[in-house]
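A lone chain, given as structure tokens: the form predicted alone.
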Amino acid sequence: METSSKTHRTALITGSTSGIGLAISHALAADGFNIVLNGRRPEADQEPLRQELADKHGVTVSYLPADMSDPKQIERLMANAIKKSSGIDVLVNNAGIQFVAPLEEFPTEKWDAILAIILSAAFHTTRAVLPHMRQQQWGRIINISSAHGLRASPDKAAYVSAKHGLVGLTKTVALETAEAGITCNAICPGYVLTPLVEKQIPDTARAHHMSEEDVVRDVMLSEMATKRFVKTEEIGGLAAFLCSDEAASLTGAALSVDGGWTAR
């Protein structure tokens, strides 16, 4: 899709070495955006992935590691990314973790980590990119929330709280930037078969004393009318549209890609 001067624009996607983040990286690279990948592992470990993405799409790709629960590391990440690219034009806040347990058994350190990585990290990254976006009067911020940013489920207190908070942050940023050529939207997927979700299956099975097959059928896909996992490429395609000029008036929205889950 056409985006003016897109070949000179750079997108930073947090948590982008697999799953949804990697799919979004491929979609934006295919549209001509230069890409900054992010993960926790050292730069040398991700060199094959970085090179593959650059070779496939013919764009500049870099990788910057950071622990997204640590504000100091986020500050260094953003400073390095902005310096390398003379500014970040598209920010996708995708990094996330999950933990499943009843509230009275929920470890406080897991609560703190989930809110830090999903919600606080998005605040820190957004705060860092806004000056450049305001200066050039163009920017796209995409927060990867969840159907759990709109609905709750048992045993996911931290995740549901963080994803709901991310939708609220999206709306606030959209209002604050509405006259600056910047949009901010949240994508709210249903269950996507990513490494994060794959890890949830045995955790949920233990919490509910169910088989893993029953967890997939009766817990994860029970509310999704399509009865299938959302594909990562579907999320990537929506992110690419949100970064286009045609999406300039779409801001402050929480866009469900959940197989009809939240339509009920």
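From a predicted model like this one, the values you see are computed outputs, not experimental measurements. Residue positions are given as counts along the sequence shown, with the first one as 1.
A second form of this protein, the form predicted in complex with nicotinamide-adenine-dinucleotide (NAD), is not displayed here; the remarks below concern that form.
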Quiz item: Among the candidate residues Ala81, Leu169, Ala128, Ile117, which is the single one with a non-hydrogen atom no more than 4.5 Å from nicotinamide-adenine-dinucleotide (NAD) in the model of the complex?
Solution: Ile117
Quiz prompt | nicotinamide-adenine-dinucleotide (NAD): the contacting residue among His208, Arg217, Lys231, Arg40 in the model of the complex [heavy atom, 4.5 Å] | solution = Arg40
Quiz item: in the model of the complex, which of 173-181, 134-142, 83-91, 96-104 comes within 4.5 Å of nicotinamide-adenine-dinucleotide (NAD) (heavy atoms)?
Solution: 96-104
Quiz prompt | Three-residue site Thr10, Gly32 and Ala240 fully in contact with nicotinamide-adenine-dinucleotide (NAD) in the model of the complex at 4.5 Å by heavy atom | solution = no
Practice problem: Consider Ser69 of the chain shown here, and say whether it contacts nicotinamide-adenine-dinucleotide (NAD) in the model of the complex, taking contact as heavy atoms within 4.5 Å. | Solution: yes
Practice problem: Could you confirm whether Thr194 comes within 4.5 Å of nicotinamide-adenine-dinucleotide (NAD) in the model of the complex, counting heavy atoms only? | Solution: yes
Quiz item: Would Ser146 count as touching nicotinamide-adenine-dinucleotide (NAD) in the model of the complex under a 4.5 Å heavy atom rule?
Solution: yes
Quiz item: Within a 4.5 Å heavy atom cut-off, is Thr251 in contact with nicotinamide-adenine-dinucleotide (NAD) in the model of the complex?
Solution: no
